[in-house]
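Only one chain is included here, represented as structure tokens and corresponding to the form predicted on its own.
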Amino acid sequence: MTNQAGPYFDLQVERVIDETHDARSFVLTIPQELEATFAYRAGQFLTFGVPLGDHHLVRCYSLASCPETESEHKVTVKRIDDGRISNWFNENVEAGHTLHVMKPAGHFCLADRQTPLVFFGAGSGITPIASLIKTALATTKRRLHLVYANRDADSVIFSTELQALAAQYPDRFELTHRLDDVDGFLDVPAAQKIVAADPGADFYICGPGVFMDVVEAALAAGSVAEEQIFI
């Protein structure tokens, strides 16, 4: 029987995946008695309670797995400079470890419509977007475009998985990489061109604050309606 302390449940790490030099994925085992509790929608997150020294710290990490096509619950954690929890995950958590986890939550989910989808992701912001993309491809006929920004090619999380999806759905899924060391930072004019190509789409944005500010400015310049924007 799984132990529960307050809103937290004790879940075991089934395996750990090295995604890049500074990001790892953690696959959690969900006991049968908790399957209903941990049912989730694409785009939702898990909240972790981590006892660190004399403190109990809380962090939220999005699920990168697809609830419709994958049986596992996978979160991905990228190191942040001076990030106590992100570094703790990457340096200490291995298969067999027990983590304190709250049930899934969050509203960064697919709206029930058939308009095209445009995703702007940067860095570890790809985590919920990957779940949304896999779900949309598996359960809808919607056309998708992902614009994914990173420092360089070695920083691209889920690179192989994304390329495989683009190859599997060439008529529905367009993948655009933006690498800072090759293309420079995404700016408002470049984002505006992408928005203008699909003004009626639903737009999903996840990444560092500066990146999201750029995309939001492009959406505002394109007069995209608020109900089409998910942040």
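The first residue of the sequence shown is number 1, and the count goes up from there. What you see is a predicted model, and the numbers here were worked out from it, not measured in a lab.
In what follows, reference is made to the form predicted in complex with a small molecule, a form of this protein that is not presented.
Undergrad: Counting only heavy atoms and a 4.5 Å cut-off, does the small molecule in the predicted complex sit next to every one of Cys60, Thr76 and Ile80?
TA: Yes.
Undergrad: Flag Ile85 as yes or no: does it have a non-hydrogen atom within 4.5 angstroms of any non-hydrogen atom of the small molecule in the predicted complex?
TA: Yes, Ile85 lies within 4.5 Å of the small molecule in the predicted complex.
Undergrad: Please run the contact check for Phe45 against the small molecule in the predicted complex: heavy atoms, 4.5 angstroms, yes or no?
TA: Yes - in the predicted complex, heavy atoms of Phe45 and the small molecule come within 4.5 Å of each other.
Undergrad: Tell me, yes or no, whether Ser124 is in contact with the small molecule in the predicted complex, where a contact means a heavy atom of each within 4.5 Å.
TA: Because a heavy atom of Ser124 falls inside 4.5 Å of the small molecule in the predicted complex, the answer is yes.
Undergrad: Going by heavy atoms within 4.5 Å, which of 61-69, 25-33, 172-180, 193-201 lines up against the small molecule in the predicted complex?
TA: Selected stretch: 61-69.
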